[in-house]
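Only one chain is shown below, in structure tokens, and it's the form predicted on its own.
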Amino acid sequence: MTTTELWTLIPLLILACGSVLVLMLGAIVPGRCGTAIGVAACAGTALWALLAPPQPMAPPTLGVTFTPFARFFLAFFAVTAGLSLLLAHDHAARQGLKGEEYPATVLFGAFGMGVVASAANFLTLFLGLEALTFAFYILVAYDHNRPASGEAGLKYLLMGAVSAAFVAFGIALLYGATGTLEIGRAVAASAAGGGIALAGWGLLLAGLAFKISLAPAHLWTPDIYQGGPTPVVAFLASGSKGAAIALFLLILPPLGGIGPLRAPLWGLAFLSMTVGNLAALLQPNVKRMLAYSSVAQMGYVALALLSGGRGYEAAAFYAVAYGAMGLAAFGALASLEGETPLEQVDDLRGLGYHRPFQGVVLAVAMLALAGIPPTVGFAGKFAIFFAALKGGEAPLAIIGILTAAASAYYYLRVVVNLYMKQADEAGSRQRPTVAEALSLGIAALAIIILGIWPGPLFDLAAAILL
């Protein structure tokens, strides 16, 4: 192994070794040291990805690279994993959950996300994708005190197996058509691959539609969001969606060169924006509402991917933006939960006054998801719709703008319950712990700062896609 190859693997090794260390110490010295080790491993990975000097690019014999694209998303995944661990630090105690399996699995999931962003060939890409998906199978079913959690984990497993089959079959067809698993070479050879290559890209797109929750492959999303532990859902809505966006950006070039794939992606974007927002309007359950909202949000990302050029930059920007919004929204809900999960929108009545910190963070997240300035949600949606109009997708952009306007109703309904209705039981929810306050504060500040000053992140998104 060369020095360059070792340099490439170090951030991934930090996460993998951290996961193993947490499990070993949990067996030898039971306690709650897993969160501290996990956060330290995430911080080390993020710092290495951001501060390590660039290395000359060697042939990716190990199937991973250390490109600016990989470094950007490695840092993002490490930060989301670390903040998710902070959210779960005291939430697990309130729910009666013990053991070091949770932080270890979060680190393993972040490792899978990092492999996806660093992948140089389709085999590594598939292994990373399945590593993060298997981590979420475990995390969603982690709350053994609630039957709904186990049910959600089983549903996720069954649907994920079908999705993995589509992705694997698509990769197999691409290999048969192009004779290579290297992503760049397969992209270049796809045009000469004929119908087999086209079928491979189609199956790959169908499988990835599940991973990113694009309609009509979205039906798993509300059940998993409702049944899974809320800190897990925070990580799922931020890190997992970011990994799916990164994966699309890695394989995106063929979508611009193979005309028949444009129509399916157009349909996925249209259905996701309309179905996601319309379904969310009818949801009394706050987590199901946010689940359908995520379907619509990923529809906007699909619109950005369709637009090309600036749309790619907008998609990379929105990966970070939605990560901050998802962490803030579900993190605030997790902090508000007592011994029982917080389920209905009506359960939030008056909590903006009785739990002011969580209330402000949740309100900021809702305003950002609705695309109201000066939040990062507004900057992200503006960039997506601008890119769509410039890219010739005016009809779909107009549909997106109209559905985004309609979404303000159900997002603002949460804010109304927080501040304009009287609480039924003011003392039934928990005040934030130090770990929760730190995580929520970082997410909320990111929403505001990136909304007021989005330029540096847009410049960075453009640089990593060169």
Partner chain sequence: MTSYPILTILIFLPLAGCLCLAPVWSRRAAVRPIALGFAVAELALAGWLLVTAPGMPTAPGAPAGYFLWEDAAWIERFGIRYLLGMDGISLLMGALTAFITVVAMAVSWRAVTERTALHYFLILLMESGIMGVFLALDLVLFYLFWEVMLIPMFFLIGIWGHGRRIYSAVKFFLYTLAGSLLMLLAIIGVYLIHGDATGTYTFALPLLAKAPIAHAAAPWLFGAFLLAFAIKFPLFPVHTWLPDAHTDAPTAGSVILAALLLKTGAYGLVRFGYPLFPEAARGFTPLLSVLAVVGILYASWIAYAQEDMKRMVAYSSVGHMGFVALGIASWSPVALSGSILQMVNHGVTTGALFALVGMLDERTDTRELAAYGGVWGKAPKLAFFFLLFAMASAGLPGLNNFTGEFLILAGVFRTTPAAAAIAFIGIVLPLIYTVRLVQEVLFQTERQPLQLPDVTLREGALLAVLALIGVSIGVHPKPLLDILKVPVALLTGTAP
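Just so you know, these numbers come straight off a predicted model, no measurement behind them. Positions refer to the first chain, counted from 1.
Heads up, the form predicted in complex with the partner chain isn't pictured, but that's what we're talking about next.
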property	result
Residue stretch of 64 to 72, 433 to 441, 41 to 49, 396 to 404 approaching the partner chain in the predicted complex, non-hydrogen atom distance within 4.5 Å	396 to 404
Contact residue in the predicted complex, from Leu261, Met159, Ile372, Ala206 (heavy atom within 4.5 Å of the partner chain)	Ile372
Residue among Phe378, Trp266, Phe169, Phe357 with a heavy atom within 4.5 Å of the partner chain in the predicted complex	Phe378
All of Cys33, Ala81 and Phe248 within 4.5 Å of the partner chain in the predicted complex, heavy atom check	no
Partner contact for Leu412 in the predicted complex: the partner chain, 4.5 angstroms, heavy atom	yes
Touches the partner chain in the predicted complex: Arg94 (any heavy atom, 4.5 Å)	no
Close approach of Leu219 to the partner chain in the predicted complex, 4.5 Å, heavy atom	no
Contact of Leu445 with the partner chain in the predicted complex (heavy atom, 4.5 Å)	no
Sequence-ordered residues of 204 to 242 touching the partner chain in the predicted complex, heavy atom within 4.5 Å	none
